[in-house]
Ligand code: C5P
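The data below hold one chain only, encoded as structure tokens and taken in the form predicted on its own.
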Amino acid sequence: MVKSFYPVSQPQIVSVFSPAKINLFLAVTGRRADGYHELVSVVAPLTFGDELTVEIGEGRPETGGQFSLECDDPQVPVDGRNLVLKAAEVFATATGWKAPAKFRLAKRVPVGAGLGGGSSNATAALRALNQLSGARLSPAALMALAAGVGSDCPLFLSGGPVVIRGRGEQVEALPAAAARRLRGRSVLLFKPGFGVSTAWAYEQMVAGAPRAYISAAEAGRRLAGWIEGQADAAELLFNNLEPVVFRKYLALPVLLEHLQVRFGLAPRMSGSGSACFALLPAGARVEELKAAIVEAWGPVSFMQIAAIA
């Protein structure tokens, strides 16, 4: 039986960290009958991200609805298009939650970057509301709810590197020995002044089928080989969305090749882009690296150093 929850007499506030993610390994293996794509991916949350604050109490938001959202980034929509509000509505429907809630999002992860910002924000909203409601949803129920909000949402409930399969709803922790090769690794994130539409990128995969895809068997073989071996994290890196994105956005491959040749790095694109990342070795010439990115992409380039959580 679902219980109904009503506004509390005193306001309660919870702040939740909403991490960015990178796809260290991304193999898109084909399109499903429902229009989604099948994939196999190793995804790692980072120590860099957004902060979502949720306040519940007496009185509804000025909008008159149950939920409202404010954001310090004017580019971020604060209406029903935002996954935070979608997640809140889904939570309310599933649990009978009745208390009004005001969300405030401190946005740090750039939009249209392939860093999972929107999905992470939605999952943060679910986590916060579940905490405020007294953990009415079990971890399994929360995972199922997150999968209904968005394909990337469930991975943000794991708190560490994971392997995701299906359309993203199948999430399992990376084996401990393999995770130790990733955790704590320093990463430089960098993004040009433009974004890439995820929907567009996957449409290009369809247009290029079947050669754009990698078989599920080959993806599994590659991933298992790295997990079962002792190779460095750099040997894991793979993304078969890169060729279809790079054909249009030439600024990405040109810079990545330059950084590889000049600095000996193995930079890759995360997800569908446009953000890229490089694993930083000890003693990396970070300031020279940043200067090279600005020289190629201009002063509007986004750059951030973080670590794999």
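Residue positions are given as counts along the sequence shown, with the first one as 1. Computed from a prediction, not measured in an experiment: that's the story for all the values here.
Keep in mind that the form predicted in complex with the named molecule is missing from the display, and what follows is about it.
Asks: May I ask you to choose, among Thr198, Thr95, Ser158, Gln204, the residue with a heavy atom within 4.5 Å of the named molecule in the predicted complex?
Replies: Partner contact (heavy atom, 4.5 Å) among the options: Thr198.
Asks: So which of Leu39, Ala278, Leu252, Val42 gets a non-hydrogen atom within 4.5 Å of the named molecule in the predicted complex?
Replies: Of the listed residues, the single hit is Leu39.
Asks: Look at the stretches 69-77, 122-130, 145-153, 225-233 and give the one with heavy atoms within 4.5 Å of the named molecule in the predicted complex.
Replies: Partner-contacting stretch among the options: 145-153.
Asks: Is Gly35 near the named molecule? Define near as a heavy atom within 4.5 Å, in the predicted complex.
Replies: Within the cut-off, so yes.
Asks: Is Arg167 one of the residues lying within 4.5 Å of the named molecule in the predicted complex, judged by heavy atom distances?
Replies: Arg167: contacts the named molecule in the predicted complex.
Asks: Need the contact residues for 270-309: heavy atom within 4.5 Å of the named molecule in the predicted complex, sequence order, or none if there are none.
Replies: Residues within 4.5 Å: none in this stretch.
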